[in-house]
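Just one chain is shown here, as structure tokens, and it is the form predicted alone.
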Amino acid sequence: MTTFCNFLEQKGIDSELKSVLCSLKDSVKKISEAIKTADTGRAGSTNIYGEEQLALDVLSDRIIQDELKKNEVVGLLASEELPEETKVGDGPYAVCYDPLDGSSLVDVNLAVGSIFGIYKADTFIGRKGDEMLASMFAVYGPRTTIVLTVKNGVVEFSLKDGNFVLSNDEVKITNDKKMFAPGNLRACKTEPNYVKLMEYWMKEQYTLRYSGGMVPDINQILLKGCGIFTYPAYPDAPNGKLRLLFECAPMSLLMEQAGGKSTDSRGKRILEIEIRELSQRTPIFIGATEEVDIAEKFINT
């Protein structure tokens, strides 16, 4: 049985980076427990984007902050729930995160998750996703799992008897099946090419797998080894909805490390986009390389 931290040791991961990842692992375990018992009602506050926060959003953010602040090698953090990046110490590592992606699904008992990106930096502004040292996400569903890359492939861990143990040592995109997770169907009203893409998927008998949460949908693509997730731009959201720093860049690093592809739907790699502000958004087409290429051709014809 290979535990999360033992795996990092076996891979020769730097002790400081290992400690950051193990702190995040500990926060995931605590959030998993909190989800089972916490209030799923409203917290009575909004985040910086005007989105109403759930009590569990606030609690998850606090858990992650507390774990990172205890780690002396972490100097900076940025949360999707906070207005600015926050200096928490003098350490060289910077962690960005979405504490509870898909939180609106909690009250109906669908899977949700947390997303993390790790840099060595004193600010996130001016960075690119390619500069990440590692990224990971957690899924809180029937099982609690972590999907991780330290830029040497992608692996999965499952929470068993209080420990995260290696459950998949090679998460790989093979594209041997057809599956699609289409976000932002509102775009069909104004974007005829997106409608044509939907028609293509249906005529080619793709399997529809869409939950409304980025974490469970990307997790499914990675573990099934096939498919595509899309969130295009349209007039009401000209840069899409999903945030580059907190969601798209960490997910893109994982997808590329598994052999897939992630672009802004216009041919540019997500990991090459410079972070100009914390709230920056981007369209995203992410999944098997062949599927992303097909989707881009429809959108840009």
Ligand code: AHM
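If you're wondering where the values come from, they're calculated on a predicted model, not measured in any experiment. Numbers for residues come from their place in the sequence shown, where the first is 1.
Here the subject shifts to the form predicted together with this ligand, a form of this protein not shown in this document.
- Of the candidate stretches 206-214, 219-227, 154-162, 129-137, only 206-214 has residues whose heavy atoms lie within 4.5 Å of this ligand in the predicted bound form.
- Contact check for E85: every heavy atom lies farther than 4.5 Å from this ligand in the predicted bound form.
- Contact check for G75: every heavy atom lies farther than 4.5 Å from this ligand in the predicted bound form.
- Using a 4.5 angstroms limit between non-hydrogen atoms, R186 touches this ligand in the predicted bound form.
- In the predicted bound form, no heavy atom of K29 sits within 4.5 Å of this ligand.
- Among the residues Y231, F124, W201, Y194, the one placing a heavy atom within 4.5 Å of this ligand in the predicted bound form is Y231.
- Just one of L242, I273, A258, I63 comes within 4.5 Å of this ligand in the predicted bound form, counting any heavy atom, and that one is L242.
- Heavy atoms closer than or equal to 4.5 Å to this ligand in the predicted bound form belong, across 76-93, to one residue only: E80.
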